[in-house]
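In structure tokens, the next block holds one chain alone, the form predicted alone.
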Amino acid sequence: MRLRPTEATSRLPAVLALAALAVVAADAAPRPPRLDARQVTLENGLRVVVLEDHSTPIVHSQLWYHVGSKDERPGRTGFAHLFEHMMFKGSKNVRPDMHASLLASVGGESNAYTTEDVTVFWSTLPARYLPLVLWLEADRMASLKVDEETFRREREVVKEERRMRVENQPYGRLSELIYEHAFAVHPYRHTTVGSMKDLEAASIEDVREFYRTYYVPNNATLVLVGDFEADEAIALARRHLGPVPRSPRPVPRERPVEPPQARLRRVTLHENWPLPVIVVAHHIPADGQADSYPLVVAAKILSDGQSSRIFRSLVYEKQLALSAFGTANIAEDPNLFFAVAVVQPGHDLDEAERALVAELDRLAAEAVSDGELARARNQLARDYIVGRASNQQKATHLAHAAVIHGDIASADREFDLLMEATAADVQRVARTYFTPANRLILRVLPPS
């Protein structure tokens, strides 16, 4: 339904009229289509989630291993990312680099990525080749080639990737610096790419032990979305991946718990960057916790786009920052909300810091307006609806719900939790977490 301005709103200034309509639109915002998926667990512990989508003759596969950089032990960082590379380097029946080539030869594509919580291998291909991708995944799960030559070669590839993306990029180490100083003991303290020192120190036996521990069916979730019959897809998964033996030992889940921060922390560093950076970071709860949902709404209000509070205040109005942004990193374990300002030349760092902190404090002191709350809800509805346009995006929602939440129904339920967050909820979480005692202020300055 197309909304039309009423006689009253038509007499308001244009901006106020649009804001009033936004509030109305938020109440009538469409919800994303529900994901009517099925889940089964095979005898070897592998979870299989299937969702039929007959709109195109395509199938998308995602295999999530529940291992990320937070599962690496001190002194051996970067292993999960290293295995993202090594899983394409050959197995008992597949030569190195043939995994992607075989899929490409039938019109498919594939890739992988690693986060702090998971390692994901995905493929999109014509639906009739679903048995091929399942056979390929089973082969490397059961018989990955982990030898000295492959390990050393891929270690050099990962080191070069670190040089290009982190060390040789202006501000490339920003995330590393934030997490290194925000966390004392939790392995979120190190980022996914790992350190050069740890990669150099790793041995082939370290690598094999990591593979035997985490790349097993009872630590994996397979999600299939596309043009198939659900029963047939489950039967194919059972035929190809079911025979892979489960690990005889439980997958380790013990991690150090980050102690609560008790006081304001300040850190000043120097990096070879062109402009100084101010970071204000706060510890926040884990994904799926009740407070995580209004924190997502708070992040939308503070830092989503050029009309958000932080960007508008520091870049447009005060002109203190060349760029300003923030993010709520909602992850499996408690993580961070942080806001960043790249300070304009000639401006005082203390002034930029005060302006950044003021936006966080204002969220705690004042309830957000109906217009701002409606804008945030509309953005979240947009994200969910647009974010489920493809089979790949639907699979990602389902896999995240299965692996991180342990419940595929949460893929739909959390949308309602976000839409139900009120202005009072947003103010409450800001008061709870954006406190001076829970705050890290990090200054990264160019060389003096």
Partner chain sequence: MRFERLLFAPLLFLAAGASLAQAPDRTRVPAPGPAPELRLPEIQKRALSNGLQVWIVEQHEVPVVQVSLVVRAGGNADPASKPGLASMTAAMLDEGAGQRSALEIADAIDFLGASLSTSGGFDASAVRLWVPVSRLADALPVMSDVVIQPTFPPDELERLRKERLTAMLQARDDPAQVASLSFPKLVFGPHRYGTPLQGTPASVGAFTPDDLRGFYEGHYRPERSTLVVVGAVKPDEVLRLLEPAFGRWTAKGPPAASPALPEAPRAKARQVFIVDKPGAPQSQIVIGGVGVPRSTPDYFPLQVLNTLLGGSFTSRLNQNLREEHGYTYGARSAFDMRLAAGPFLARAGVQTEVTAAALTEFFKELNGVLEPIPPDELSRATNYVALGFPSEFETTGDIAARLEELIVYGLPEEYYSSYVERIQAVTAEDVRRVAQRYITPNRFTVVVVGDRKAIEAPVRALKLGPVTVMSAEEALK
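Given the structure is predicted, the values throughout are model-derived calculations rather than measurements. Positions refer to the first chain, counted from 1.
The same protein has a further form, the form predicted together with the partner chain, not shown here; the description that follows concerns it.
J.: Heavy atoms, 4.5 Å, the partner chain in the predicted bound form: which of 343-351, 327-335, 185-193, 258-266 makes the cut? Say which one.
T.: Going through the listed ranges, the match is 343-351.
J.: Taking L42, A421 and Q427 together, does each of them reach the partner chain in the predicted bound form with some heavy atom inside 4.5 Å?
T.: No, because L42, A421 and Q427 lack any heavy atom that approaches the partner chain to within 4.5 Å in the predicted bound form.
J.: Contact with the partner chain in the predicted bound form for T114, defined as at least one heavy atom pair within 4.5 Å: yes or no?
T.: T114 lies outside the contact set for the partner chain.
J.: With heavy atoms only and a cut-off of 4.5 Å, decide whether S69 touches the partner chain in the predicted bound form.
T.: Flag for S69 set to no.
J.: Would you check, heavy atoms only and a 4.5 Å threshold, whether F311 touches the partner chain in the predicted bound form?
T.: So F311 counts as contacting the partner chain.
J.: Would you classify R362 as touching the partner chain in the predicted bound form, given a 4.5 Å non-hydrogen atom cut-off?
T.: Outside the cut-off, so no.
J.: Which of R76, H283, H181, H85 has a heavy atom within 4.5 Å of the partner chain in the predicted bound form?
T.: It is H85.
J.: Quick one: which residues from 54-92 get a non-hydrogen atom within 4.5 Å of the partner chain in the predicted bound form?
T.: If the 4.5 Å heavy-atom criterion is applied to the partner chain in the predicted bound form, 54-92 yields H54, S55, T56, P57, I58, H85, K89.
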